[in-house]
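Shown here is one chain on its own, the form predicted on its own, set out as structure tokens.
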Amino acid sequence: MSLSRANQLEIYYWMRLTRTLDERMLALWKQGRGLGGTFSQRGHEAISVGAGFALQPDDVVAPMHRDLGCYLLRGLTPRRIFASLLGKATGVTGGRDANLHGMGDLSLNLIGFISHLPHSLPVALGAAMSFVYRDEPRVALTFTGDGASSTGPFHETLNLAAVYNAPLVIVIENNQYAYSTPLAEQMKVFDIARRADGYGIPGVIVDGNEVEAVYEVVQAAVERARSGGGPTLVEAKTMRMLGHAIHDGAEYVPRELLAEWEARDPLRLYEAKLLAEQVCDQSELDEIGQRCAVEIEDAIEYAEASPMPQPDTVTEGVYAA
């Protein structure tokens, strides 16, 4: 499906908003103005936005901690996200979790991230199977990492999804490192998508730094699932440009490898594409960038001015107390 000019500029907006939020979030934490740890999205913007853009509003998505673009695209506002990150009552979790973990909203068909990978996969499979039982033309999509593809729940989910022909799309964000363990020390195969072969489902590889390529591949997988074709495993190859979390300096990553991937920064690649194809000019990109900066600064001000949750509400909205 070809993208209109309006679609392309919207995709760029979501990528730019993600990068702007991410940079300001990291700056706040380095200033000691945040709570707990935080995770950078740098290098993953094309995957989270490209995949999220391929979904319909009624579809369900279960993102993980490097899919901020998908959270934003699905309707979580920067105000709610920053308030959540600062542990405020106006945040997504009402101050229960000052992190990207658990930051979901079922009214937006957005399942909160389950901290340990790949435990969002069986949950997303459950959502997909509910669509089958109710005969609804809906799709569930979830993300996971390269290291998680070596765990039991990953393979159990693929097997069940294949057996039951579930309308499920799994996107592996292969960012070369599972925390500090490089891919070559995790598995013998170079292409994780090959693991789909053992379950009789398609495995597709895409350049995770090319947002339109991600969109096209995931959109095809989503429509295949929606039409009864069953699950697809998509491997998006990219690079985690910073450490596992803000506390991790990632000294174990070769500097030349980072430099190689920095030259293929997903945001810069898309800017160059839009300019080369005359979709827009530099002034339009700058205007979008300024709009994102204003939106994020507003969100920070809102979050910092928001109240902390009241202690007597601690048992509200939890499954067990």
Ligand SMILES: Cc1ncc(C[n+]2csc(CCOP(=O)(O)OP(=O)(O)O)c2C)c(N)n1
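Because the structure is predicted, anything quoted here is derived from the model rather than measured. Numbering starts at 1 and follows the sequence shown.
This next part talks about the form predicted in complex with the named molecule, which is not shown.
Trainee: Would you classify Phe82 as touching the named molecule in the predicted bound form, given a 4.5 Å non-hydrogen atom cut-off?
Mentor: So Phe82 does not count as contacting the named molecule.
Trainee: Gly94 near the named molecule in the predicted bound form, any heavy atom under 4.5 Å?
Mentor: Heavy-atom contact with the named molecule at 4.5 Å: absent for Gly94.
Trainee: Look up in the predicted bound form whether Asp146 has a non-hydrogen atom within 4.5 angstroms of the named molecule, and give yes or no.
Mentor: Contact check for Asp146: yes, within 4.5 Å of the named molecule in the predicted bound form.
Trainee: Would Tyr164 count as a contact of the named molecule in the predicted bound form, using a 4.5 angstroms cut-off between non-hydrogen atoms?
Mentor: It does not: once the named molecule is placed as it appears in the predicted bound form, Tyr164 has no heavy atom within 4.5 Å of it.
Trainee: Which listed residue (Ser115, Ser130, Ser227, Asn159) meets the criterion of a heavy atom within 4.5 Å of the named molecule in the predicted bound form?
Mentor: The residue from Ser115, Ser130, Ser227, Asn159 that makes the contact is Ser115.
Trainee: Spot the stretch among 248 to 256, 59 to 67, 270 to 278, 291 to 299 with residues whose non-hydrogen atoms come within 4.5 Å of the named molecule in the predicted bound form.
Mentor: Going through the listed ranges, the match is 59 to 67.
Trainee: What are the residues of 152 to 184, in order along the chain, with a heavy atom within 4.5 Å of the named molecule in the predicted bound form?
Mentor: Sequence-ordered list: Asn175, Tyr177, Ala178, Tyr179.
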